[in-house]
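Single chain ahead, by itself, as structure tokens, in the form predicted on its own.
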């Protein structure tokens, strides 16, 4: 499916989705054309074109997103009276926060930042992240709080496209950076199984519950919003650490 009239904000008035099949096709088109795997910063990261300080800046800023995901998911859970949905969704929090005696995604991400030479207390403080990172991530939490429960679930559908990106990231970074090893990349290898499971539930949910063209449009717009959340974080990283416009107070890499 090719969507005509899609803007930076929405699906556009020209597209009317009349079935769940058309909805899924539209969602997959949005991912194919707007997912942040296409961003120039990722091309540099995976192609070995960044120095260690630039990779550190990416991992530091991305930590804020990763550490906020369970907060976002707790807000999603709070939107539902349906116990079955809450039970299904809460494993996402455990995936990131971990549980007693088990490691979660946030701990795996801190392994990455530590392995890259960043101080863990500094990473966890989030004092050095870019303002745009903070604004984008907080906008995501506000979105799932303020929009409909259907849109809250739909915004997670970028997970449909994550496994390919994780595979590219694992192979590219291990191949090109001598300061990267498989142990510190464990976050991504674990998400290769977690993301498809999560995406399958969310996709089935929106296909079943978006019953009108207007609801299907809202689902697509939620995914567009989420792709913007991810894309703008990379815009900020590129502007600050590739073009060299680091805002006051943000992380400044040591000379490489």
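Computed from a predicted structure; not experimentally measured. Positions refer to the first chain, counted from 1.
Not pictured, yet referred to below: the form predicted together with a further copy of the same chain.
- Proximity to a further copy of the same chain in the predicted bound form, defined as a heavy atom within 4.5 Å, holds among 205, 63, 187, 225 only for 225.
- The contact residue chosen from 173, 136, 116, 150 relative to a further copy of the same chain in the predicted bound form is 136, the criterion being a non-hydrogen atom within 4.5 angstroms.
- Remark: residue 131 counts among the residues lining a further copy of the same chain in the predicted bound form, judged by a heavy atom distance of 4.5 Å or less.
- Using a 4.5 angstroms threshold between heavy atoms, residue 232 counts as touching a further copy of the same chain in the predicted bound form.
- Within 4.5 Å of some heavy atom of a further copy of the same chain in the predicted bound form lies at least one heavy atom of residue 34.
- Residue contact check for residue 245: one or more of its heavy atoms lie within 4.5 Å of a further copy of the same chain in the predicted bound form.
- Heavy atoms within 4.5 Å of a further copy of the same chain in the predicted bound form map, among the stretches 77-85, 103-111, 137-145, 150-158, onto 137-145 alone.
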